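Take a look at this single chain, the form predicted on its own, given in structure tokens.
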Amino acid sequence: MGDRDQPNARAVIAAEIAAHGPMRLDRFRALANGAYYATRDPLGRAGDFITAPETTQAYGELIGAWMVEVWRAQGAPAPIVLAEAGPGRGTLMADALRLIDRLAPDFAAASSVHLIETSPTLRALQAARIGSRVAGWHERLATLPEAPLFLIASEFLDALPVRQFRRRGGAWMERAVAMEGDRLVWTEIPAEPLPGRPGEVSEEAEAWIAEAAHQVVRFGGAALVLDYGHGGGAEDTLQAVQGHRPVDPLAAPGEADLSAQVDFAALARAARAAGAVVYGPVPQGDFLRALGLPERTAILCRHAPPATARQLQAAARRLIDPDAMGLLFKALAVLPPGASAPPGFAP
């Protein structure tokens, strides 16, 4: 589904390379993913990948409960902004709100829901799922209301552009994309200015978390990041996925999802530099176990048909098992100065 009248990403990329020479990797990814997300619903078995919220309602419910606990620990301020960046179909927020409405009506009454989403296709799906609860959609953090911010970013930062630097002899080089005949190919260009550190860098992700941290420091609240990633020093984690299979990132830009693992060490540095206190990263499996995913899954299974119960149990294992998403995926929390360790991050 989606608006197929959008400009062809490959044609736009080829034209820009023809006019200006090799294209930096971050510019290539921004153009490719911008077209990709604007023109389709990429989620589910009929799409290209499945995110954690789509596997089980317990995931969104637990994140909703986490936000409530952090809100109460900060004195239950009101009014507040409950926001999600990259909310997909709205599944996570819908599951969180359902639990919040039932167990924390005071939090529900204090909060207005805001979604950070640029895709018209996904905004329509979010509106259908969440309805009038959405107070507003935003293209960036800066336009959120000035109030205590309780922000969710689940599998969002991995979609932001990255740059990749290599030391070649005495010079820095940067990965780029060029044209060879009618084919897109990898190349390298001189890096100016020197990047200061080698490997893969997401300036956009670091700027995003710094902005989120600034708002949390200024107004209160919390930012919770869940994504797949590492502790720094990676050289190349770029991947493209189409139809749940890895594909060549250059083969069909705008038709496949491009992602890269999140550098959680860099995120933590950027958030601390903005004045926030940071907890984590911790493995997602440990985080969700501490929040009670196995117990919540058992409760859901009691009232579910056998086939549904098996699906819920399989989803929980996928989220917490080290060989699945439990170790590679991580959780990181950004809070105001002086805030105590939130649930799932206890020392």
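Numbers for residues come from their place in the sequence shown, where the first is 1. If you're wondering where the values come from, they're calculated on a predicted model, not measured in any experiment.
Heads up, the form predicted in complex with a small molecule isn't pictured, but that's what we're talking about next.
Asks: Go through 37, 66, 28, 279 and name the one with a heavy atom inside 4.5 Å of the small molecule in the predicted bound form.
Replies: That would be 37.
Asks: Heavy atom within 4.5 Å of the small molecule in the predicted bound form: which of 268, 122, 260, 205 fits that? Just give me the one.
Replies: For this set of options, the contacting one is 122.
Asks: All three of 51, 87 and 139 touching the small molecule in the predicted bound form at 4.5 Å, heavy atom to heavy atom?
Replies: Per the other structure, all of 51, 87 and 139 touch the small molecule.
Asks: So, residue 143 and the small molecule: in the predicted bound form, are they within 4.5 Å at any heavy atom pair?
Replies: Flag for residue 143 set to no.
Asks: Residue 164 near the small molecule in the predicted bound form, any heavy atom under 4.5 Å?
Replies: Output for residue 164 is no: heavy atoms all beyond 4.5 Å of the small molecule.
Asks: Against the small molecule in the predicted bound form, would residue 159 count as a contact residue? Criterion: heavy atoms within 4.5 Å.
Replies: Yes, residue 159 sits close enough to the small molecule in the predicted bound form that at least one of its heavy atoms falls within 4.5 Å.
Asks: Please determine whether residue 111 contacts the small molecule in the predicted bound form, using a 4.5 Å cut-off between heavy atoms.
Replies: So residue 111 does not count as contacting the small molecule.
Asks: Name the stretch: of 113-121, 269-277, 228-236, 174-182, exactly one has residues whose heavy atoms fall within 4.5 Å of the small molecule in the predicted bound form.
Replies: Among the listed stretches, the partner-contacting one is 113-121.
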